[in-house]
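Shown next as structure tokens: one chain only, the form predicted alone.
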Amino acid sequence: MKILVIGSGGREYAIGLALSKDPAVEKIWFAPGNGATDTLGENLSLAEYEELAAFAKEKGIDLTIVGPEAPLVGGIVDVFEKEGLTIFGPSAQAAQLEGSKIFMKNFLARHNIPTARYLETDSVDKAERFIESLEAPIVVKADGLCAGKGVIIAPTKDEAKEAARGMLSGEAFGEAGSRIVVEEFLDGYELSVFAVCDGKEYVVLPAAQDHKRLLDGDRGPNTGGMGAYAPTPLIDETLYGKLDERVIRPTLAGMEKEGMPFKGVLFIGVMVVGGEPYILEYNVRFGDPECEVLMPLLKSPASELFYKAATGRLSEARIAFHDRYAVGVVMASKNYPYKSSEPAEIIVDDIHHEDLAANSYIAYAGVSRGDDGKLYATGGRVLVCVGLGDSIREARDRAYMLVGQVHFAGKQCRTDIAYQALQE
């Protein structure tokens, strides 16, 4: 099988690594890939969707997997399917679940899927009146895609009003903030649940927990994610059952009923309040860094999961996961998330510990290959060190052992990933 992976981050590296170990996979291309994906396959400089579709036809590519949200919202799946190509991901219409927070919230309301009270508006006056009706803290969201940065949790009503004005004026997020969602703050714990869907059927992956804040103890600014682990003990069969009955099934049925059947990854951001699930957001692709800890837990061939979902045949698939845990620690550049950093050479010590070598890996993200052939840290989130184990503690310890083997100037990471699962 020949496979094309769209994207350039750690998520795409992790997918590519899982595919590279699959006997059914003959060759992998990455568009554009990063400085390390060239060890797993071939990087392409093509960017236009039509060019990529033409390349896929020319090379006889059997499956294209789309990693990031922007091409999905932009309609890459529609372009490929028009050419009769098999592609994993939702149509542009279905991708509105992530592309528009207003679309998503209204969809939840239409189908009675539990979520926080909210107001969608382009009016500062209406936003401020609704803010006055809520208890602080208050959540203010830009409607469009903002690379994971369009959500502000305001600790006071005044700060919520300021955030709303900043978005609606265009100062904060440009066109993406021309309409906003203001919603009540839900006080609970957050989970990342992923369902791989084929339009009708679905497979739920082990639930993960992300760590968004930059600093230990969930302090500092929000980031794209500083680490994750899976599966999390913060979910049980009862909660899985509630998500299945109240969220996943009505979402797939609703999308099909509205003429946009959902194929691809439904990423469900869940807030659990008093044992009850409420939906914070939908994304239409794997989370990053959650994907980096989920891929090594997949026991069955990765190509089967993606291909059967893309072709509407998930009911035929036999998807299995290892009964193990994975913990991923993001290593970021010096100035992340405030500004870019100077390129820094990455040095990885030889791993002589057989146990560590067999139960860990690095998912490369913000890296480039220099003219000297060396790997350089050139992005904000540079790489993810992933440890595997028979317990969360064992996986966590291996992840941090691997962190100690990786060196580049200005490196930073959290030291408490998976702390919620490990609290005594």
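Owing to the predicted nature of the structure, the values given are computational and were not obtained by experimental measurement. One-based numbering along the sequence shown.
Beyond the structure shown, there is the form predicted together with a small molecule, which is absent from this document and is the topic of what follows.
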| said: When the contact criterion is heavy atoms within 4.5 Å, does Val151 count as touching the small molecule in the predicted complex? | reply: yes
| request: Although the small molecule is absent from this view, report whether Leu186 comes within 4.5 Å of it in the predicted complex, heavy atoms only. | output: yes
| Contact label in the predicted complex: Ala172 to the small molecule, heavy atom within 4.5 Å | no
| message | I'd like to know if Glu281 sits close to the small molecule in the predicted complex, meaning any non-hydrogen atom pair within 4.5 angstroms. | response | yes
| note | Of Cys146, Leu252, Val139, Val73, the only residue with a heavy atom within 4.5 Å of the small molecule in the predicted complex is Val139
| request: Taking 4.5 Å between heavy atoms as the contact cutoff, choose which of Lys212, Arg246, Arg324, Lys161 touches the small molecule in the predicted complex. | output: Lys212
| field | Per-stretch contact check against the small molecule in the predicted complex, the hit in 125-133, 176-184, 84-92, 350-358 (non-hydrogen atom, 4.5 angstroms) | value | 176-184
| task | Report yes if all three of Ala363, Arg398 and Asp416 come within 4.5 Å of the small molecule in the predicted complex by some heavy atom, otherwise no. | result | no
